[in-house]
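Encoded as structure tokens, the following chain is the form predicted on its own, with no partner shown.
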């Protein structure tokens, strides 16, 4: 889209310009985190269309009639297992007057009923009943030409791979395997290798910042070695360890990979000195009891899958972090912690124990929640300013270290194209 037409469509104030800075992906304009029109366009272009959005794990709907409530962007959807064993995703919006008729986070049913006018839906989202459709004693009702055929909640395309469910509004979306690309598919299949999954629990938080700041955060290994006291002090993810940042060809998906190593040397310790606590120790050292369970030496792989999910493998704790935008200035972060159905009780306990690193009050993640709100507080009042994203250079290419912001540059390279900026 031409800049002039985009600027007119967006309705930017003169001071905001509506034009991406000259520095390309080494600069990110602050207005992208707060502009209302940008947010509306994201719902159509980023979360809508031919993009595969994470919605649930199959382990959450193992039986016919099982359902979970989920979101694609800020649009509510329902994920179901029908009587034939198929997985369906459809809009949680009544075909009559738009009511979000599914009101429970999860459960089992053979019928959804809208509370407003009692229209009913089956497990595929099709309308199956309408009260007083024929009127009453010859009065009222739907017209004679009204048919239930084709009526229902808007269906989404569905892709399921190794127990993970994705959905897209565009039914001609590319195959999920092509969407991820061979490199990112390898990291995906590393965790989701075909073994049945087991849900261990849920956490949910609302963070008062733009959703993109969370996605950037997990594409940003640079901050991990200067912000997170726990990671630095106990050596779970640190600048001096063997590490890499990898992306797919588009830059939209990425992975941060690290291997736990020895104590930091003098140079690394100086760089991390603000938050390196040499006097800290654990009352329960089992929190750092890590069991090797995947091929290779990586002890951490954090994968970001465009546009709405983070696959977390930190030591032995596993989780899906599902981002749900709530306007330009807030988003929900929904955590689904899981393991494998064949885990031993000891491994399950290890995963649950290590989950204390994550979530709203996690020993690591609590830092992110706080600093991301501080980021939004500093960005919004200065829409004409721009972020500098030059750590590790200006290019967009895989890096064999974590002193880089290359994955953020890759993200905005794709984001700009999708948004027509």
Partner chain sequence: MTVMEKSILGPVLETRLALEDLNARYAAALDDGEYDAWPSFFTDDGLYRLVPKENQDLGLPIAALHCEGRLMLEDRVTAVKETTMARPRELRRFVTQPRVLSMDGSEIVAQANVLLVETLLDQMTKIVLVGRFLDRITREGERLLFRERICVYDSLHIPNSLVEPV
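Keep in mind that this is a model prediction, so the values were computed, not measured. Residue numbers count along the first chain shown, from 1.
If you look for the form predicted in complex with the partner chain, you will not find it shown, but the lines that follow are about it.
Trainee: In the predicted complex, do 281, 286 and 351 all reach within 4.5 Å of the partner chain through at least one heavy atom apiece?
Mentor: Yes.
Trainee: So the partner chain isn't shown here. In the predicted complex, which residue out of 213, 301, 244, 200 has a non-hydrogen atom within 4.5 Å of it?
Mentor: Exactly one listed residue reaches within 4.5 Å, namely 200.
Trainee: Which pick from 306, 179, 119, 230 sits with a heavy atom within 4.5 Å of the partner chain in the predicted complex?
Mentor: Of the candidates 306, 179, 119, 230, 230 is the one lying within 4.5 Å of the partner chain in the predicted complex.
Trainee: Would you mind picking out the stretch of 203 to 211, 125 to 133, 96 to 104, 183 to 191 that comes within 4.5 angstroms of the partner chain in the predicted complex, counting non-hydrogen atoms?
Mentor: This holds for exactly one stretch, 203 to 211.
Trainee: Would residue 250 count as a contact of the partner chain in the predicted complex, using a 4.5 angstroms cut-off between non-hydrogen atoms?
Mentor: Residue-level check for residue 250: no, no contact with the partner chain.
Trainee: Residue-level question: is residue 373 within 4.5 Å of the partner chain in the predicted complex, judged on heavy atoms?
Mentor: Taking the distances in the predicted complex, the answer for residue 373 is yes, it comes within 4.5 Å of the partner chain.
Trainee: Contact between residue 46 and the partner chain in the predicted complex at 4.5 Å, heavy atoms?
Mentor: Taking the distances in the predicted complex, the answer for residue 46 is no, it never comes within 4.5 Å of the partner chain.
Trainee: Can you check whether residue 369 is within 4.5 Å of the partner chain in the predicted complex, heavy atom basis?
Mentor: Looking in the predicted complex, residue contacts with the partner chain include residue 369, since a heavy atom lies within 4.5 Å.
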